[in-house]
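Here you get one chain, nothing else, as structure tokens; it is the form predicted on its own.
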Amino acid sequence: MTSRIRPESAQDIPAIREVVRAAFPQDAEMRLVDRLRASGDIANSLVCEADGFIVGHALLSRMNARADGRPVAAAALAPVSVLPECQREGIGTRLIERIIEDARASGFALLFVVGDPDYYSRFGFSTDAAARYRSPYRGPQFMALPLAPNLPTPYEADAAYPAAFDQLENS
């Protein structure tokens, strides 16, 4: 299978909805993507196209983060979706690596993710990097990846996700 990672286009949106729906047991993540798109909070949306079909998707949304009273250019990685029949082929890894690379090039200083620490630590995400940030998602699955060189560890910090995430539990 020949595949490539590229930015989403408007024509991809129905296929993205199907990939996200297929990748998760409920429709909550698909509705989250729809709400983020409608609210204009998407910073980057990538697809993996294989043989003319969308088989994977990764989304980055802008966050309101502050460290020691100063704004931090931060984004949330979520969701990352791959069709079940295409999982374990490296598509998710390629999408995440590319979205991190794009985020760094776009000037983001910090990325957050809520997910499996064993999986996301491979990309440099850690609970230690997120430890000082207050968030409703705090816990062992709340991780951060500093992108800016020498990003100081804050004394006090907040990481506010876009409002679309507030509805995730109710979806």
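When you see a residue number, it is the position in the sequence shown, counting from 1. Just so it is clear, the structure is predicted and the values come from calculations on it, not from any experiment.
Just so you know, the form predicted together with a small molecule exists too; it's not on screen, but the next bit is about it.
Annotated contacts: R31, L60 and D166 are all free of the small molecule in the predicted complex [non-hydrogen atom within 4.5 angstroms].
Checked against the small molecule in the predicted complex, the candidates F142, F108, Y133, Y120 yield a single residue with a heavy atom inside 4.5 Å, and that residue is Y120.
With the partner omitted here, the residue from A23, L147, I16, A157 that has a non-hydrogen atom within 4.5 angstroms of the small molecule in the predicted complex is A23. Stretch-level contact check against the small molecule in the predicted complex with heavy atoms at 4.5 Å: of 63-71, 38-46, 98-106, 120-128, the positive one is 120-128. Taking the partner from elsewhere, D27 is found to have every heavy atom lying beyond 4.5 Å of the small molecule in the predicted complex. Contact annotation for V82: at least one heavy atom lies within 4.5 Å of the small molecule in the predicted complex.
The small molecule is not drawn, but in the predicted complex it has a heavy atom within 4.5 Å of D116. Contact check for A76: no non-hydrogen atom falls within 4.5 Å of the small molecule in the predicted complex.
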